[in-house]
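Below you will find one chain, with nothing else, as structure tokens; this is the form predicted alone, and questions on how it binds or moves follow later.
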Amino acid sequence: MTALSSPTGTRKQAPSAKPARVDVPALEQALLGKWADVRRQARELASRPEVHKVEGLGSAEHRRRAFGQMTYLVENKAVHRAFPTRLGGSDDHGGNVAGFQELVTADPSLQIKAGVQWGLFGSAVMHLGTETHHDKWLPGIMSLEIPGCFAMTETGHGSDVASIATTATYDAATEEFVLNTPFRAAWKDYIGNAAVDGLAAVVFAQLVTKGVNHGVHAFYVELRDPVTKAFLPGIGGEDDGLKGGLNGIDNGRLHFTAVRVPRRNLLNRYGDVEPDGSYSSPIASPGRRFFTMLGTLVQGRVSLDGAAVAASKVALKIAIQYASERRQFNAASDTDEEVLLDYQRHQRRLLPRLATTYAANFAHEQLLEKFDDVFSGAHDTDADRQDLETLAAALKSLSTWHALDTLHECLEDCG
């Protein structure tokens, strides 16, 4: 305590500084963000044993359990927030992602499988299709009556979507598109739900009509007989097998040989083909059209950013609580051992990662609000969409790298 001189020359004591305290409720509310109630509901659901991962299951059993858990999510209205209100959703795009990312704490396999069904397959039908497609397929997708796949990635073309080799050539005589994977590297690969459960897929292919390639477009394609689960004629595939840590998902490969798809199965919001084969699009530039179509599917990157942050939080909660209770050596006392968190080296391993996770949480909240602004239409200009794409790509990379580093560090710090 410092002595100070008063105007009369007498000495008085400075008031003691109040100890710094964290306003826990205020911090909690800041971390929960705009969709706090949705996150609380999702965390309550994720805490239920019905959706928890069961260790030691074989892959086939784990896959069956994950599919059953998806039905549980439907029954508990956990996965429909982004879909149209008129079909039973709530048109809440930000809230949908906020709730979805919490599922990683229950079983990562369930989260990925649910993300394929409703965040990729369902989202592609919703954003790339028109109202006719929505009415025809979204109710079954939402209810899980139509388990589906998002068939974009090929063995020979991963992120380079513009160069995929699968073709959809229009036949005006029958008003059908004919899908082909012309060589082995054109097979759709590592496609979620393709190995076992997928009855249909949104397939991305080069649209060819009247001898002109109009670039990559999306087609709704039925894959299997809903009763026998056998592939339909012209469609084949393989099981990708175990995916380490995510053994409840059924990634697989798909290939197509002269598979005929009705003209109306083209998801034609950004490009359409008339019965005579004439092509039209509201976006004249092929490049801009391509990036607009892909931009509607940014939800996956936003979701993974949030899920990575959630995984980092769980790991740090476990490791820091362990470090505050586990004792080792009596460095400062003859009788009491020190808790691990009293050692500066241990602090330096955990606390910087904790600070980074706080930063990642707040960055994700900004990304999520921008995502919601774009997809709700509140702020949906070309510039807004470009900002969203840039932020999503950058933050997804940073948060997943951070999560991997944090999970490994916390594993070591727990012995």
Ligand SMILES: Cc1cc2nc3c(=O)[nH]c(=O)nc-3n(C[C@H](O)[C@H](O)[C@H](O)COP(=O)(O)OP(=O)(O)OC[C@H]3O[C@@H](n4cnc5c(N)ncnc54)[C@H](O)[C@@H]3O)c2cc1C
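Numbering starts at 1 and runs along the sequence shown. Computed from a predicted structure; not experimentally measured.
A second form of this protein, the form predicted together with the named molecule, is not displayed here; the remarks below concern that form.
Visitor: Could you check which residue among Pro233, Gly158, Pro282, Pro226 gets a heavy atom within 4.5 Å of the named molecule in the predicted complex?
Guide: Partner contact (heavy atom, 4.5 Å) among the options: Gly158.
Visitor: If you check Ala310, Ala201, Ile191, Leu110 against the named molecule in the predicted complex, which one has a heavy atom within 4.5 Å?
Guide: The option sitting close enough to the partner is Ile191.
Visitor: Using a 4.5 angstroms cut-off on non-hydrogen atoms, would Thr296 count as touching the named molecule in the predicted complex?
Guide: No, Thr296 sits far enough from the named molecule in the predicted complex that none of its heavy atoms falls within 4.5 Å.
Visitor: Test of understanding: in the predicted complex, would Thr181 fall inside 4.5 Å of the named molecule by heavy atoms?
Guide: No - in the predicted complex, heavy atoms of Thr181 and the named molecule never come within 4.5 Å of each other.
Visitor: Even though the named molecule is not shown here, does Thr153 get within 4.5 Å of it in the predicted complex, heavy atoms only?
Guide: Although the named molecule is absent here, Thr153 would touch it in the predicted complex, with heavy atoms inside 4.5 Å.
Visitor: Counting only non-hydrogen atoms and a 4.5 angstroms cut-off, does Leu246 reach the named molecule in the predicted complex?
Guide: Because a heavy atom of Leu246 falls inside 4.5 Å of the named molecule in the predicted complex, the answer is yes.
Visitor: Can you pick the stretch from 208-216, 268-276, 97-105, 145-153 whose heavy atoms fall within 4.5 Å of the named molecule in the predicted complex?
Guide: Looking at the partner contacts, the answer comes out as 145-153.
Visitor: Taking heavy atoms and a 4.5 Å limit, what residues of 85-118 are near the named molecule in the predicted complex?
Guide: Only Val116 sits within 4.5 Å of the partner.
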